[in-house]
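Presented as structure tokens, the chain that follows is alone, the form predicted on its own.
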């Protein structure tokens, strides 16, 4: 027994593929912990090792070394016969649905139960329940060719869950779907998580997918975990270079860099000032902080650019400002924002104290 209390824990997983001309280290000492009820996102660019990692969770891809704990039991060294029992508790859905084309919707969902030799009555009851849950009761006797992409994925979800697993692995399951259908599938997964306490491990290369339903996330980069943690913490204060690059798209940071490179900040700042990125979460995204700072601390605030993103149904306001005035007052104003749980990232310090020529000095970039 692992004894950690996590429903899923990966410890130091390594997997190497030896090709004719080269060696590929797909996983390098990967360690990830998932709690029961999590919707845990694993995100990374193509080739980061995501699919190898997810297939290692149910031993479809056996790691070269490391441990995989499911509900406290190390399954990495189990023989195939014992693994079959464990896999019944780990459902899986894929990008391409993997439905049996010659079987009806009903027969596709029933397939795992027939494999387990369940009675006809139990099969009928469970398949009927799953059809209702995924909203396809009227499609029971249709074939996959008669379904839309979203309907096919709903069938795949029903088939994965008909054996009542504790964990659902989603390997790029929305990548082949249009944005509207993707949203409907993500809503269904969130509903299943809430209704049944289903733990979901969601593999994706899309920030928009992860931000909508995941509560925790791990970022993979070239087979390694670049960072992991609570979604809000990782996205609002990224540490690794790859995460910063991904988050730059989420908060439209390319826009702000373009703006900074193409405006005369000297016309905004007289003397000294800071260019600051502020992140406001939840209700704080709607608070009138700027007006308060100007009145309370006697500082000048110029808004350069802002937008609001929705992460897990919670708004996050992203605002880029220029704060000028007395240094102590500006610093006090920023300290006040931090005390309000506003993320304050100082991007640049600007000094125009000598003549009329401005001189940018790059501050610590936390984005």
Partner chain sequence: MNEIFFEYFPNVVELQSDLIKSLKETFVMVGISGSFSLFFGLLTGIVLVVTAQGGLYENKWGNSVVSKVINAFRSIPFVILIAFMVPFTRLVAGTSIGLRGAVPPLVVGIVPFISRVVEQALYEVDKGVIEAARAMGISKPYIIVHILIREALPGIVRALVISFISLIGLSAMAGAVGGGGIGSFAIRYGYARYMTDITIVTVLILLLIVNALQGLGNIAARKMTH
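Numbering follows the first chain given and starts at 1. Bear in mind the structure is a predicted one, so any value in this text is a computation, not a measurement.
Same protein, other form: the form predicted together with the partner chain, not shown, and the subject of what follows.
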Handout entry: 4.5 angstroms heavy atom contact with the partner chain in the model of the complex for residue 84
Key = yes
Practice task
Verify the contact flag for residue 52: yes if a non-hydrogen atom of it lies within 4.5 Å of a non-hydrogen atom of the partner chain in the model of the complex, no if not.
Solution key: no
Handout entry: residue 120 within 4.5 Å of the partner chain in the model of the complex, heavy atoms
Key = no
Exercise for the section: With heavy atoms only and a cut-off of 4.5 Å, decide whether residue 292 touches the partner chain in the model of the complex. Expected result: no
Handout entry: The single option of 99, 133, 275, 200 touching the partner chain in the model of the complex, heavy atom within 4.5 Å
Key = 99
Fill in the blank from the handout: Residue within 4.5 Å of the partner chain in the model of the complex by heavy atom, from 238, 223, 112, 150, is 112
Completion exercise
TL;DR on 89-97, 120-128, 68-76, 204-212: the one with heavy atoms within 4.5 Å of the partner chain in the model of the complex is 89-97
Completion exercise
Within 162-199, the residues having any heavy atom within 4.5 Å of the partner chain in the model of the complex are none
